[in-house]
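First, one chain by itself in structure tokens, the form predicted alone.
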Amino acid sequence: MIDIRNKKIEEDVFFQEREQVLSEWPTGKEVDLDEAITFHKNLPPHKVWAKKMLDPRNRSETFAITGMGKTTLEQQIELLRYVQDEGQAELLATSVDSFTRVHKYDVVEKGLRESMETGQSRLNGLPVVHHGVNGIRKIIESVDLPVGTRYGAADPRLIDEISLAGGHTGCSGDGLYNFWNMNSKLPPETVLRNHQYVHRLIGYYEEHGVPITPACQGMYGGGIPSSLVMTALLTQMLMMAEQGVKHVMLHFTAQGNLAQDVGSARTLQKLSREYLDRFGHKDVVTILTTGLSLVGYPVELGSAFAAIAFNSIVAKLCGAQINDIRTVSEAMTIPTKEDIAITFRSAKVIVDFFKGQAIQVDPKNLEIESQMSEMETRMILDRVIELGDGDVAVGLIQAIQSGILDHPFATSPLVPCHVMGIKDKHGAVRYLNHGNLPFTKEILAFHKEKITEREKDLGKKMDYETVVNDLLAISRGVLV
């Protein structure tokens, strides 16, 4: 059993572990940290994720991002250049293929070979590990925008070693998100420790003058109350900061009710600053990214465009700098370069329409949702910290085991999954079951009242069928 603590990995331990990580595949030998640091320092500022986001001229902008991944270098370069030029993109991404994420490198090698022979992409993303540092550099040097990786993996250490050394300045993932969204076998201690390694690697880059911006999501899933998501996210932000991460993308999952989404997003930004300062990380900068939680993607083209537009409006209202969208073809196939480009242009037009305009969500409902999300998040997060006697990592393990922090749709059998969310009559997500979350009677009464209002409208009790319909609602063209 790994003894997980929220403590910075000692440098000698880190470098000893790196030898094992880099030996997993021959391209690991291409990673030279000192040389990689020099390469990053020679990148122009407009190709560095953190510098672009923190440029005063860009602070009020909302840039779109989505997944982009093909198998061969030539295909990936063609894709990114097309999206950059024809899609008018401001940020680019490298989606890593599924087999690389689970270390099935022999399968990847076969898929890469077939892709090169046929000219068709046989994998659902870029096999970062197989292309190695030199291959990734060709991609980074072929475009004129920041590029970040997108993936979910229980053990992403070699992926990040190679992708960061190759010149990516943004990257994916935190340990908790990947524990209960991308894993069914490993205990939380192992997944969290794998990500501590990644964040220590990022911290090492930061200590040598190279800003790297990882994404922090906490958990993902449709119909999950915002306080649960935010608590998970904030624990991971604190664990990242402890390893030396200085720039964090806080990924807020919106559900579609504007008052709840905007109120929760404001709460997230407030609490992130408060808890970072409380634990001595006053120099850590956060960037807000927002995306709609979609279990099912709209199949019909008009509905797909509508979802992109709504996602973009929510991002703008939340004050997000990054609008995390899904492409118009997401429900049907792996998106082409044309699909991605038209998706980007659509999102850009929507955001541009709202430039200079003040849009207000109903102040009364906004205040109620802000207060509720803050109270709920504080109760769970403070209990997690208390369980660990001030150590958020220790507290997390106990909280997961006891259901103090829970996930309704976790892929891991080690998670109780006793909580369940459901929408009220206005599309805000409430707690149908609160499991073992440490809530007061007043909070539980608030959620029960909101659910009862919808039950009266429907003339029946909320049940599993209602939950499923809620999860698929947006894909069917309705919020509730």
Partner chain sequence: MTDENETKGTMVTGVIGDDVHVVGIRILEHALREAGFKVVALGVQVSQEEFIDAATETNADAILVSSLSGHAQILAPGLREKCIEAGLNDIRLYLGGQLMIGKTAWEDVEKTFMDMGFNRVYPPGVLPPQIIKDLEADLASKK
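Positions refer to the first chain, counted from 1. It should be emphasised that the depicted structure is a prediction, and the values quoted were computed from it without experimental measurement.
Although not depicted, the form predicted together with the partner chain is the subject of the following passage.
Quick one: Phe15, Tyr205 and Thr267 and the partner chain in the predicted bound form, is every residue within 4.5 Å by at least one heavy atom?
No, because Phe15, Tyr205 and Thr267 lack any heavy atom that approaches the partner chain to within 4.5 Å in the predicted bound form.
Do Arg137 and the partner chain share at least one heavy atom pair within 4.5 Å in the predicted bound form?
No, Arg137 sits far enough from the partner chain in the predicted bound form that none of its heavy atoms falls within 4.5 Å.
Consider Pro408 of the chain shown here, and say whether it contacts the partner chain in the predicted bound form, taking contact as heavy atoms within 4.5 Å.
Output for Pro408 is yes: heavy atoms within 4.5 Å of the partner chain.
Though only this chain appears here, would Met462 touch the partner chain in the predicted bound form if you measure heavy atom gaps against 4.5 Å?
No, Met462 sits far enough from the partner chain in the predicted bound form that none of its heavy atoms falls within 4.5 Å.
Is Arg273 close enough to the partner chain in the predicted bound form to count, meaning some heavy atom within 4.5 Å?
Arg273: no, not in contact with the partner chain in the predicted bound form.
From the list Ser98, Ser402, Thr190, Thr286, which entry has a heavy atom within 4.5 Å of the partner chain in the predicted bound form?
Selected residue: Ser98.
Going by heavy atom distances of 4.5 angstroms or less, which of Ile368, Val102, Met116, Leu73 would be at the interface with the partner chain in the predicted bound form?
It is Val102 that has a heavy atom within 4.5 Å of the partner.
Counting only non-hydrogen atoms, choose the one of 327-335, 155-163, 387-395, 374-382 that falls within 4.5 Å of the partner chain in the predicted bound form.
In the other structure, the partner sits against 327-335.
Do any residues of 170-186 have a non-hydrogen atom within 4.5 angstroms of the partner chain in the predicted bound form? If so, which ones, in sequence order?
Those in contact are Asn181, Met182, Asn183, Ser184, Lys185.
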